[in-house]
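Only one chain is included here, represented as structure tokens and corresponding to the form predicted on its own.
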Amino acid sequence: MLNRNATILSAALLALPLAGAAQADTSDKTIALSNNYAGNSWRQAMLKSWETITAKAVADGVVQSAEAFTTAENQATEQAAQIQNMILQGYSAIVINSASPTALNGAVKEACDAGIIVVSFDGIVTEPCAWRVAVDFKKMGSGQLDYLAQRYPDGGNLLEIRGLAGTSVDTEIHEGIAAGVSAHPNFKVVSEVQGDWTQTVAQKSVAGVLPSLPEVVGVVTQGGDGFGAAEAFKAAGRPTPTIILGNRDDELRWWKEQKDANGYETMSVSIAPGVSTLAFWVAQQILDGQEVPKDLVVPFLSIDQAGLEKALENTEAGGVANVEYSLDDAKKVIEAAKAGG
């Protein structure tokens, strides 16, 4: 793992006092994870982190159970039905990585009306009764343009690879990239393709548009798509532009190979898959009677040229650069939200 304190939680956040003592016993509480998609390494790492942290919490008697469920298809209707089934099973809290920011609101409201705590993360929901744990995805998008503007003061053409259509994450990162282009008008997005946060899909999509593209200086991405883009450029015999990466093991290893071979420079950024564990602890704290703001923001995980080797050392083969959160981390994030609000 990357060093949690140095990489994820700021010094200011670490200095905050922890939340107050427990107000209620949660050992009889049940928490379920509703996940809409597991088709890439980020989602697999997210589920693994959930299992690692919640298994210990159950063994320690913090909660009675913390099961994870993933829908077979990335369909909001299927996930809504899954949540309605969880309501019937009487879970104390439901943690959601949502297929849509709005399409699940009806099911989420049903859960709230049934007295169930709902915490969304990564793919958040907009229903007011739910809590939201997310990074500033718009900033994650605009930051890519800030980096490219430093590398290419004269600007240039960009290729944008989108994520999973219809999700809040895809929309917000895209809006951030658009804002970044507006702030750095020397850049122009000349093509936009769908990558679904997956290397194979991204590679096929990029390969499909490359024959018609002018020279591009950079590829702006959402994560899980950088290595696929690199492979597409290589297969087409075109020079490799600066591809923003998304913390996946295959991307980082490719970056290291290029860096060693020719000094290739880029950056890598994503939300840590372990954010699922933060959402778990947030749900537990709400069940514990703690006052928790509805919106919690955690920093994204960024890797620069100097930090590449250390990041690789701490990233599992086939996985994603990650951090898993403790109860104390969750308390500090909650206190930071209170202080900021």
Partner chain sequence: MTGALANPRLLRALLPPVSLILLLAVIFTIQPRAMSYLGLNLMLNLALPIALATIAQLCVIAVNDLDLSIGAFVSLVACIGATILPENPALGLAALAGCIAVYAALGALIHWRNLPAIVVTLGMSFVWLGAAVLLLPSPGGSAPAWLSAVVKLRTPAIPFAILASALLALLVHLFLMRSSLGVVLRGAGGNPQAVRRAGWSLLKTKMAMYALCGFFGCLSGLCLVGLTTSADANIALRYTLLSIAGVILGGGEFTGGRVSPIGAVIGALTLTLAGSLLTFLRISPDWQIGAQGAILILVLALRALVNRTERRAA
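Predicted model, so just to flag it, every value in this text is computed and none were measured. Residue numbers count along the first chain shown, from 1.
Same protein, other form: the form predicted together with the partner chain, not shown, and the subject of what follows.
> Taking 4.5 angstroms as the cut-off for heavy atoms, does Gly90 touch the partner chain in the model of the complex?
Answer yes; at least one heavy atom of Gly90 falls within 4.5 Å of the partner chain in the model of the complex.
> Does the partner chain get within 4.5 angstroms of any non-hydrogen atom of Cys112 in the model of the complex?
Because no heavy atom of Cys112 falls inside 4.5 Å of the partner chain in the model of the complex, the answer is no.
> Can you tell me if Glu78 lies within 4.5 angstroms of the partner chain in the model of the complex, counting non-hydrogen atoms only?
Result yes; Glu78 sits at the interface with the partner chain in the model of the complex.
> At 4.5 Å between heavy atoms, is Gly106 in contact with the partner chain in the model of the complex?
It does: once the partner chain is placed as it appears in the model of the complex, Gly106 has a heavy atom within 4.5 Å of it.
> At 4.5 angstroms, heavy atoms only, are Ser270, Gln305 and Glu309 all close to the partner chain in the model of the complex?
Spot residues vs the partner chain: no contact at all.
> Taking the partner chain in the model of the complex as the reference, which of Pro241, Pro101, Gly155, Gly143 has a non-hydrogen atom within 4.5 Å?
The residue in contact is Pro101.
> Identify, from the list Glu291, Glu316, Glu67, Asp295, the residue with a heavy atom within 4.5 Å of the partner chain in the model of the complex.
Comparing distances to the partner chain in the model of the complex, the residue within 4.5 Å is Glu67.
> Any idea which of 243 to 251, 130 to 138, 67 to 75, 198 to 206 reaches within 4.5 Å of the partner chain in the model of the complex, heavy atoms considered?
That would be 67 to 75.
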